[in-house]
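Okay, here we've got a single chain as structure tokens, the form predicted on its own, with questions on binding and movement later.
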Amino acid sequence: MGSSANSINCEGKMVTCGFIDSHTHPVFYNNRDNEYAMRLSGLTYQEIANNGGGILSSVEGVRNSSEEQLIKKVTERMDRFIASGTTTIEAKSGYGLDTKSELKSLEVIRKVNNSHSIDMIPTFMGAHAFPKEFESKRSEYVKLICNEMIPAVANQGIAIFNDVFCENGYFSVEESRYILETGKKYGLKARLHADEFSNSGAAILASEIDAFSADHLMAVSKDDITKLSNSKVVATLLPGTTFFLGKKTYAPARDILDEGITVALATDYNPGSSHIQSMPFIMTLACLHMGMTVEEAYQSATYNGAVALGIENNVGSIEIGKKADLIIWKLDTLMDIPYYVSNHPIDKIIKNGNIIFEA
């Protein structure tokens, strides 16, 4: 790393690039550990949402919190991401669900990104759920997103992506298409939550609108995988969500990979369905439950995550001309990352050429 005065002795250690977590929801105020208890008693994610939990239970916290309060919370979460080796994350809004609170959430992402060593890629997700005040006026909320929120977000100039939860009970394929196409007109790149709980046709929509990624895909059909393979859409798989919700059906990673589709792995970090921040643990789940090799899981947690965010020319691999975002491990091989499961002996983490974490 330059002169000998700045050199690091890595003898007997493994060096990799930092992890790219390409799907997270870090802007919330209160945890939802009460929902975890509900699931342990047998309730499903949808049943909890129908009883006032789920995404909407985080909305009040964001709406009633100051920007400074949220910045403190998000900064602490970024510290934990860094400690697990994540050097770049995608960060969504989506717990405000009104114009003021969505803009506030994106401003929080911007300020934390400017003050923290981690790199945060901002995504607008006003289409995360229908807020209570629009429960019986779905079309009006879609219009609000397209006619008010998206223009305001574009004018704010922070968000790079526009994401939609395309799922039965949330946003339909037609509503999602309208929102994503409107976003593209304002310069927001498309990505979407697709086929998480049911085969809703969201993966096909992703391919039709040239989305950067289709995320979740636990319920995607083989026919839809074939159609997805004819596009450049990255399949971002989130095994932590399946694990955290106590489900048994993981995304069909092997079928997706065998069709030649680029696969990324991410944590889906959020307060309700995946309170997980460790990409090494996500690699473990991918190898154990989705039939991925260690090498496939590692590439999906690094370079392919960068592809899903359109930043592969800057990060995601160790190459001349890219950022020096590195992890120095007290490990011997890639196999040791999933093998250690949850207790990963990281020696140092380097971001932009600077040591930012030492064990």
Ligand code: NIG
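Just so it is clear, the model here is predicted, and its values are computed rather than measured. Numbers for residues come from their place in the sequence shown, where the first is 1.
Below, we turn to the form predicted together with the named molecule, even though it does not appear here.
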Just to confirm, Arg32 within 4.5 Å of the named molecule in the predicted complex by heavy atoms? yes
Evaluate Thr241 for contact with the named molecule in the predicted complex, applying a 4.5 angstroms cut-off between non-hydrogen atoms, and reply yes or no. yes
Does Tyr95 make contact with the named molecule in the predicted complex, using a 4.5 Å heavy atom cut-off? yes
With a 4.5 Å heavy atom cut-off, would you call Gly272 a contact of the named molecule in the predicted complex? yes
Pick from 64 to 72, 23 to 31, 288 to 296, 316 to 324: which stretch has a heavy atom within 4.5 Å of the named molecule in the predicted complex? 23 to 31
Answer option from Tyr250, Phe165, Tyr141, Tyr178, heavy atom within 4.5 Å of the named molecule in the predicted complex: Phe165
Listed residue (Asp224, Asp268, Asp195, Glu102) with a non-hydrogen atom within 4.5 angstroms of the named molecule in the predicted complex: Asp268
Just to make sure I understand: among 202 to 224, which residues lie within 4.5 Å of the named molecule in the predicted complex, judging by heavy atoms? His216
